[in-house]
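Okay, here we've got a single chain as structure tokens, the form predicted on its own, with questions on binding and movement later.
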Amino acid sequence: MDRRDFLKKTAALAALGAVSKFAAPLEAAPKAVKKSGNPDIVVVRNGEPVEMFERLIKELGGMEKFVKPGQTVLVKPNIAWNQPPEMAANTNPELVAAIITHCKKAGASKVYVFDTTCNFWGDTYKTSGIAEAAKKAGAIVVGGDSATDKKYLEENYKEVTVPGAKVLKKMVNHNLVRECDVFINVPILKVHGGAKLTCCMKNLMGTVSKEYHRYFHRHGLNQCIAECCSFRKPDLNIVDAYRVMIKRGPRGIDNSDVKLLRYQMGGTDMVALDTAGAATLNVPLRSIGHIAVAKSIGLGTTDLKSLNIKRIDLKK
């Protein structure tokens, strides 16, 4: 790293440090000044996954704002781990199904569901409940464990160039990311031993091959996460924070790792949503390197007070 890059990174981390003093549960954070127009972020709490999503997508302008008739949609949950829904290692299957249903109602011709998994995809897709829920909602469920099937890898993944990248100049990612008309990112919010936080940006590691999972870890995880996200930014991000993993992430060990939070967040800015996610879990922003890098390369903002955030409590 040269002196100029060092100074830029230091400045980015300093800016994050200024925000991190507000890193308390999101409802206790300073409220943004109310602004007119559509919200940048919608936060819904105290409901079940489907009812929270129904309210969230309505406040964002409806799925019709993001999906047009005849378009193909990729819904990208976290399906990485062979864990049941109550362990909060993977995205809530009811939320995934609700998103698919809204995409179909908006006129999507095809809705795909996919993830490059950590455990064997045949197990994770089943145990998470996502494969069954997605199929019932009308989606095409695409297998994701490329490392165990070289033919699948050759047919479904392609090496691409990442424009402007310093470290991740090339990567092998799934064809659906490039070919779909609409890309919807559906991470689950949780702590992570390496990246400190799993939210919108970290979830996009699941679009690349397992070979490149290893590359990320060997060549600078935070830089690679941010540069991966720059390749194709999702059109919509829906953050599942119904159950959250508060320790021993990303897989978890037992129920003591999980808290029932009953939250959901949505918007188009991955950096802002990850910033909100960090505040929600009390993870200091200065500890999450990929947020600093993403902000420095112009992928989004960490200044939540500058945004129009609509907070909705379904119990009120």
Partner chain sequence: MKKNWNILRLIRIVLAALFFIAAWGAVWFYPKFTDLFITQAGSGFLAVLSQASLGAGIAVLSILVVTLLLGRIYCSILCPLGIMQDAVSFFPRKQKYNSWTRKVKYPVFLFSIVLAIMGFIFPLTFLMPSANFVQIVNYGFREAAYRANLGAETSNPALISMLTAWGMFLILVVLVRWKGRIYCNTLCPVGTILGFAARFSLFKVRIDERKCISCGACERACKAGCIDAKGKKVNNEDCVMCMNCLSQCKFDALKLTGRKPAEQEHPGRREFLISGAAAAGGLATGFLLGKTAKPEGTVMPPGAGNFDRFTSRCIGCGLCISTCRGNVLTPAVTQYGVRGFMLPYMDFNKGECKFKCRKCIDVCPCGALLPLSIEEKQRWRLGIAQYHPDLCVAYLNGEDCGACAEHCPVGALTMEPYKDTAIPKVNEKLCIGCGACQQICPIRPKRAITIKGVSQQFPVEKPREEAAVKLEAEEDFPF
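Numbering follows the first chain given and starts at 1. No experiment lies behind these values; they were computed from the predicted model shown.
What follows is about the form predicted together with the partner chain, which we do not show.
Asks: Specify the contacting stretch among 108-116, 135-143, 168-176, 186-194, defined as having any heavy atom within 4.5 Å of the partner chain in the predicted complex.
Replies: Answer to the contact question: 186-194.
Asks: Report yes if any heavy atom of residue 63 sits within 4.5 Å of a heavy atom of the partner chain in the predicted complex; otherwise report no.
Replies: So residue 63 does not count as contacting the partner chain.
Asks: Do residue 81 and the partner chain share at least one heavy atom pair within 4.5 Å in the predicted complex?
Replies: Output for residue 81 is yes: heavy atoms within 4.5 Å of the partner chain.
Asks: Given that the partner is absent here, does residue 219 sit within 4.5 Å of the partner chain in the predicted complex, heavy atoms only?
Replies: Yes, residue 219 is a contact residue.
Asks: Against the partner chain in the predicted complex, would residue 50 count as a contact residue? Criterion: heavy atoms within 4.5 Å.
Replies: No - in the predicted complex, heavy atoms of residue 50 and the partner chain never come within 4.5 Å of each other.
Asks: Does the partner chain, in the predicted complex, lie within 4.5 angstroms of each residue among 43, 261 and 312, using heavy atoms as the measure?
Replies: So, yes: the whole triplet contacts the partner chain.
Asks: Using the arrangement in the predicted complex, list in sequence order the residues of 264-286 with any heavy atom within 4.5 angstroms of the partner chain.
Replies: Residues within 4.5 Å: 265, 276, 279, 280, 281, 282.
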